[in-house]
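Read on for two forms of one protein chain; each stands alone as structure tokens, with the labels structure 1 and structure 2.
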Structure 1
């Protein structure tokens, strides 16, 4: 084989040996991107181990990352990107043409050639960088989808835990209302209260039962979406939830700093930046090489019976006329504008949502500390004072039961305030592109803690 043939085939074979990261490597790198922005690390955790204990918010996130079918579909995007990178690191396969032509007189002509697209060899560095950027974009996009799943699981777990606590409140309210209805019936039978008072207590008892039924439906309606995110069936054996809510703690995050940090940390913004860089590179490449739309190198050989073999290189050049590549350049430039506009719009949306979530967190914190907590304390004290007056026979049992109902209603509003704070906290944590530290407090509210 002549030197020109060796050079052509050797270049193609050398490029074909470019290594592509393995799928486990890509998964590990992507999970590391997610873990850097989360307080939950999956590590070597197993599904059975996680399900063996009541699921709090963090454990629910680990179960979802291990078991949600959508995670498999999300990670499959890495395999598709791996295939794209493989193709980008390798030139097009050489083309071999072979012909044997028989002529009169027993003369045979044998012709063969090996051709290779020249641009694949010239643009090796460009294609490699393009493929690496596309892989980085895919990894950042996948990691962001996993973080979105974590945010969704936390919000779904929060809604379910709050709904369960509200159900317990409704059960206690229904019990108190039923007790008041039975007591009023006895009092009415004894002639101590009017029928109007008796019917009023019966009405309140019926309202409490309707509210209880609504709370039962609400608890069920929050359980199903959570199970969907966890990838679990409704009859999962041994499944239980840790339904305690951590009480909000005072915190005043620097919203301006979080907004600045988000522009650097958000993986969806990073993926869009990579997409913009890819579009810009394509646009520059199209303009720079518009006059070379296509070229091909060829090594050929021809031999007739009884004649010497003729072997030599050749080339084919595609002329840039009448198509000068203006259409390709225009499309590439338009794509740059689209990607730049999408990135700018997303950056603006992120900063606005951070400002909104920060304001909601401040409102929820103020509502909990100033109003909800005070309401709970005041209602508890009112119940104690009412009980004292009842013990001294200064007021009747119905006034005591009314104070108890007011205390129970206050508990419902208290749970609302806790849920609102955590909803804003979870949203702000995701929007900022970092794992906000969970308030360092050991104070929880559970069904047993409710008055």
Structure 2
């Protein structure tokens, strides 16, 4: 996938790669992220271009980013975060009190004052940093959701492609079984095999048809979730899928390095770190200002009919008694614990998943190389040898067709192995927060390549 073609993902990765940005940078990045979405969302022709060709995994990701309604919702979260940041950067508005009091005898007293919460002014720097962190958390969360969407699309596309190939396999197996059934009918009609033998072949053909129906349902069951992710309707005109799978290539990623990298680069971890930092700041802030729960500065004026105008400042101080703020402090401290525990749990889960995905990738690679590839070769050779036996009338045509069916069925395991490898690859790629390199000299396998 070309990063330039995936503007949203590019922006997301940009976010992932940044150190703590300045406030202007945060604004710029957010705008960029939303602008990209805006551009692509209005680019109907771009979608049409993508859909004009059979969707492979990369193209499916692009279509999802262009068209998935959830992406719109995800990006709207950024707008909300921006609003929060705007509020956070500004102190509370001052309060104006105005009163005109009439007394008997035509005496009127006019009183007015302007008050401003004192702490709001004192905490400007605190609020600013808080806002930056909150914005950062929102960006990272959104970017992570986009990367997660990419992973989900890839997995859904993979599942569908594998299900489609399995469907093709079942079609071949059904054809082989049907041929055997028709052949057996000819043998029975000639008086050479019993009705029992004929019916046995018919039974196998029916079983193969049932299997075919199950595979058709399997293809449909994987197609719908993929369409959901792509934001496409089931009857989308001109939609077609690339039915090829890329063959796995030998690779041995450094799992320990990937785990370390993940701790540094995972966006959800970064977002959780930001949430923890916010909680820590709040906790510190609560402790620091516990004895000053509230204060207000005021300037006012009072004039009574016939009297001099009185003008002067004032202040209001909230006393830390009987509530000493202990509850607020305890809650803030608890929230720190909650955020820290959530982060630790996620870090643990990430490392465990990377270890698991690495192991699964290795197992899938081994299965593919050692077993699936060999199975395919061996089954092919077995069919050739069986054909030779058939040539010499050492076995009958039904045994030859049964061998063919076995060979066809063996393709399922081959597809399973390829799918397992890619599933592990996609998961590892997401879990590690690193786009693992796709084999450059990848070969494809399509239904035509299957035996």
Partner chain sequence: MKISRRNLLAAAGVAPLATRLATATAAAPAAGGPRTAVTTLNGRSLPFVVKEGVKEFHLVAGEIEHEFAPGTKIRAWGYNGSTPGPTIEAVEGDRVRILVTNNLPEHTSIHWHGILLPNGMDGVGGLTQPHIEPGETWAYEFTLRQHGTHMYHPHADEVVQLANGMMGLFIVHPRDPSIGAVDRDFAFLLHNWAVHPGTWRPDPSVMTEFDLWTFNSRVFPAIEPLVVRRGQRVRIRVGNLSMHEHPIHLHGYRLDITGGDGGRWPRAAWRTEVTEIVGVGQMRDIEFTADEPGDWALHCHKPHHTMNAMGHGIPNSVGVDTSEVDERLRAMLPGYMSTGRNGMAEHVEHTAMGHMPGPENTLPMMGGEGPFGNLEMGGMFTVVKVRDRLPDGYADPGWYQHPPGTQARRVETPAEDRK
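Rigid core: the largest C-alpha set superposing within 1.5 Å between the two forms. Numbering follows the first chain given and starts at 1. Because the structure is predicted, anything quoted here is derived from the model rather than measured.
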Which depiction, structure 1 or structure 2, is to be taken as the form predicted alone? 1
Residue 116: with the rigid core matched between structure 1 and structure 2, does its Cα shift 2 Å or more? no
Comparing between structure 1 and structure 2 on the rigid core: C-alpha of residue 197 shifted by 2 Å or more? yes
Against the rigid core, is the Cα displacement of residue 423 between structure 1 and structure 2 at least 2 Å? no
Cα shift of residue 396 between structure 1 and structure 2 after core superposition, in Å? 2.7
